[in-house]
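Next comes just one chain, in C-alpha cells: the form predicted alone.
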Amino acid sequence: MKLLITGATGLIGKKITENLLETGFQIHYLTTGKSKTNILQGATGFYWNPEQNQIDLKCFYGVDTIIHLAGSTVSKRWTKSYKEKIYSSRINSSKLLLKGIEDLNGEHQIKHLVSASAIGVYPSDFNDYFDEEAEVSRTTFMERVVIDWENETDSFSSEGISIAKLRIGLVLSESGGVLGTLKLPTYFGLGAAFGSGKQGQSWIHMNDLVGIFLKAVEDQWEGVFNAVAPNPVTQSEFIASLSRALKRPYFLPPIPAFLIRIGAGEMSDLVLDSHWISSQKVIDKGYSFQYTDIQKALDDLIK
C-alpha cells in the first residue's frame, strides 16, 4: 500500500512516517519546504504551497490512502495574524489537497483519508465526559477552527473517498510538545497547575497515537474517533505525575486563572479549558492501548 502524508515533518508526522516505513508501506509526503523533499529517508517528498495554491500532482500517483496532518501549531502566541494562520493552514491545505485530486479527473486510486482533528472541538466541562456523538458549536476560536476543518475534510467524499477523523488529545512525546514546555520548570521544582488545577486533561502517549493512525489505515476506519487514552486526569494530577517521573518535588499551588488570562489572553483557553473525553469507540474498534496510566506513560517518556 502507498500512502500520502501531509505534515510528515512535524512532531506527530515524523513518528507516523517512521512507523509506516518500518511496517512496509510506501510513503509519499508533501512539504512546504523545497529543501525538505529528500529529508525523510525511505520516503518520497513533493512540494506544495497551500498559501499560493501550488501542489505537485505527482504526489498522488499510486496512492491508496492519505494521512492529513498539516496545520500550524496552536502553541505560539495568538496574535490576530497568527490566529488567521492557525485557521487558514488547516482549511487551505485541505482545500488544495481536494483540488489536486479533482484536477486528476478521476485518474487516481485514492479510497481513504485519515485526517487529524482535535478534542478542542468539545465544550470545556469540569464534570461530564464527552464522546463522538456530543453536540458541538462554534462558541470559541478552537471550536470554530476544528468544526470548519472537519467540514472541509468531509468534502473529500465527493471524490468517493471514505473519511476517518481522529480528534487528538494532549500528545505526550519524548521530544517537543507539551512535555518539552513543562519539563524544565518542573525539573527545577517550579511545576504548577493552571487555574483550579481540576480541569480534565485527556492525554495520549505518542506510541498509542501512532498505533491508532496505523489501525485506522489498515482497517479502513470511517467516521469520527477520539484519539485519547482511556484514563484522563486532572491537571494537578498530571503535574504531580510529571514531578514524580522527574524525581522532583511538587509543592507550588496552582497559578490563578486571572493571571494566566492577563498574560496569555484568549490563548489561555489551551491550559484553562477542561476536557474529559471518552476513547471507548477506539477501544470498540479493536485498538489495545499500550499506555492507560499517566504515571507509566510519563515514566516511559522521561527515562
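We number the residues from 1 along the sequence you see. Given the structure is predicted, the values throughout are model-derived calculations rather than measurements.
Another form exists, predicted in complex with a small molecule; not displayed. Remarks below refer to it.
Contact check at 4.5 Å (heavy atoms) against the small molecule in the model of the complex: all three of 10, 69 and 168 pass.
Residues within 4.5 angstroms of the small molecule in the model of the complex, judged by any non-hydrogen atom, belong to 27-35 and to none of the other stretches in 231-239, 248-256, 56-64, 27-35.
Within 4.5 Å of any heavy atom of the small molecule in the model of the complex lies no heavy atom of residue 114. Mapping the unseen interface onto this chain, residue 149 counts among the residues with a heavy atom inside 4.5 Å of the small molecule in the model of the complex. Although the partner is absent here, residue 276 is not a contact residue: none of its heavy atoms lies within 4.5 angstroms of the small molecule in the model of the complex.
In the model of the complex, none of the heavy atoms of residue 153 sits within 4.5 Å of a heavy atom of the small molecule. Only one of the listed residues (186, 207, 199, 89) places a non-hydrogen atom within 4.5 angstroms of the small molecule in the model of the complex, and that residue is 89. Taking 179, 118, 101, 163 one by one, only a single residue has any non-hydrogen atom within 4.5 Å of the small molecule in the model of the complex, and it is 118.
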